[in-house]
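In structure tokens, the next block holds one chain alone, the form predicted alone.
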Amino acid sequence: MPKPDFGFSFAPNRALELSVPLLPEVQAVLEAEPSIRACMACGQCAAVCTAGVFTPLAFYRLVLQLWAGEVEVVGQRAQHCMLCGKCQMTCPRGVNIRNALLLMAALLPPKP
């Protein structure tokens, strides 16, 4: 008997494993901009982001992906930032988002 198709599937587990050491690249970004640790993923930055409407840029998601060690994805998406600073003005925790995004974008090697 075939399994019923209910039109949805389970998403993979995306829980952060906090006992695993951070990658050296992630540790370097967190040391260079310690205010990233204050991000509580509230989404205020994404709500005002001009580039986020047209690109997959949402700083709070990048922070979560950075903690998860998805360095390449973070580097690619961070390069979409226009550095306008609207996100930084709305951040309730005072995260230096522009500097953090510059550091995240530098995770990718320059294109030849």
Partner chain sequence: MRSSEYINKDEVAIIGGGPAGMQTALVLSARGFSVRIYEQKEQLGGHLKGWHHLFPHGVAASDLLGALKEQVLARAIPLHLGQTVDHLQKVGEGWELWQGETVVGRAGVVVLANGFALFDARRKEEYGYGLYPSVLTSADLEAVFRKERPWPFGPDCAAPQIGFVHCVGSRDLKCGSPHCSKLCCVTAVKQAMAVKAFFPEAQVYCFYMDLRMHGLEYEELYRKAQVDYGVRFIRGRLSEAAPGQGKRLHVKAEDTLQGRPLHLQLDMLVLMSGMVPTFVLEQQERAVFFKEPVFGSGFVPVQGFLAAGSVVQQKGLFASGACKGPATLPEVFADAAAVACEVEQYLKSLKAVAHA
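Keep in mind that what you see is a predicted model, and the values were worked out from it rather than measured. Numbering follows the first chain given and starts at 1.
Only in words, not in the display: the form predicted together with the partner chain, which the text now covers.
Legend entry - M82, heavy atom within 4.5 angstroms of the partner chain in the predicted complex: M82: no, not in contact with the partner chain in the predicted complex.
Inset, instruction - Verify the contact flag for V29: yes if a non-hydrogen atom of it lies within 4.5 Å of a non-hydrogen atom of the partner chain in the predicted complex, no if not. - result: No, V29 is distant from the partner.
Legend entry - Contact label in the predicted complex: G94 to the partner chain, heavy atom within 4.5 Å: Because a heavy atom of G94 falls inside 4.5 Å of the partner chain in the predicted complex, the answer is yes.
Inset, instruction - Answer with yes or no whether V73 is in contact with the partner chain in the predicted complex, where contact means some heavy atom within 4.5 Å. - result: No.
Inset, instruction - Quick one: from M89, A11, V20, A15, grab the residue that has a heavy atom within 4.5 Å of the partner chain in the predicted complex. - result: The option sitting close enough to the partner is M89.
Inset, instruction - For the stretch 62 to 83, return the residues whose heavy atoms include at least one within 4.5 Å of the partner chain in the predicted complex, in the order they occur. - result: Heavy-atom contacts to the partner chain in the predicted complex: nothing from 62 to 83.
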